[in-house]
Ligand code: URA
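Presented below, as structure tokens, is a lone chain in the form predicted on its own.
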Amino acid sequence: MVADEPSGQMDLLLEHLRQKASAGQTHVWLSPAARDVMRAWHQARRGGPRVPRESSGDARQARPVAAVSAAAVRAAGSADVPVPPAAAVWPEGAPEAGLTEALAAVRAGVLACPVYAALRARGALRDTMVFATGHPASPLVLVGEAPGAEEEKLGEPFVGPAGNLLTKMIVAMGLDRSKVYITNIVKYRPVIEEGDQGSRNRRPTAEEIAAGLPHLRKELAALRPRVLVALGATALEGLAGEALPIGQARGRWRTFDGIPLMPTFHPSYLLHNESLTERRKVWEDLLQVMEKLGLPISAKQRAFFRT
């Protein structure tokens, strides 16, 4: 059985790597002994010489440990090891001039849109346009339905109570809100005709969503994010064309123009339903988003909202 010893040791090592990969970890640190096991097993598969096991007194024990990536595991012949996605690159500094110009053109198109103008003239939408916020080079884009009273007042999506909760969700993912791009399908606040609208809001109609989608498509084509999150049923309806209760639709990947799309509850829903069960559902959706983006996930993060 001595001849099979590297294979048995490699099985243990691969199982360790599988567990780390399932937990979202993209690299692990291996001791010199573990590296020699991997090297001996690989060379044995190629018919080459096997590297003898090093003794506890071997001088090589003083060597620094090395990072072994998922690609190295594949190279060692383990095709069945789940490989986490490459980590997304998060933006630093100002966006490129070309991207800024492309988004400025989309914004100008919204302001000049005759369909939006007709809806405003009919009294269906208000007159203040709210475009987007965050970093345009972000690999993650969050999409809501339409601006509300606070958003209209400050000219930025998700700045009221629901926006504060969304910020906490972003921070819980280990991210900074300034490096995540946030936008809405409809760029104008829908009008409520009965009485004084005040701070009351309503969801956009199908006609209003249809008015916003061409501009959102141009916006996302300029952004080219890696992942989209649809916040609420209206955003899902606009992005995926599915008029489903969000409780049924959440947690399952879709696509929008080739971009992976994860639907989840709107933060405003959680403000009215603060049960840990519902918050846990949203967090499970965001964990999938983190995995798709190659973000590290700690044991503490995986345990959030568990009862």
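Just count from 1 along the sequence shown to find any residue number. All values reported here derive from a predicted model rather than from experimental measurement.
What follows is about the form predicted in complex with uracil (URA), which we do not show.
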Pro147 within 4.5 Å of uracil (URA) in the predicted bound form, heavy atoms: yes
4.5 Å heavy atom contact, Glu151 to uracil (URA) in the predicted bound form: yes
Ser138 within 4.5 Å of uracil (URA) in the predicted bound form, heavy atoms: no
Contact segment among 213-221, 121-129, 155-163, 100-108, judged by heavy atoms lying within 4.5 Å of uracil (URA) in the predicted bound form: 155-163
Interface residues of 108-134 toward uracil (URA), as seen in the predicted bound form [heavy atoms, 4.5 Å]: none
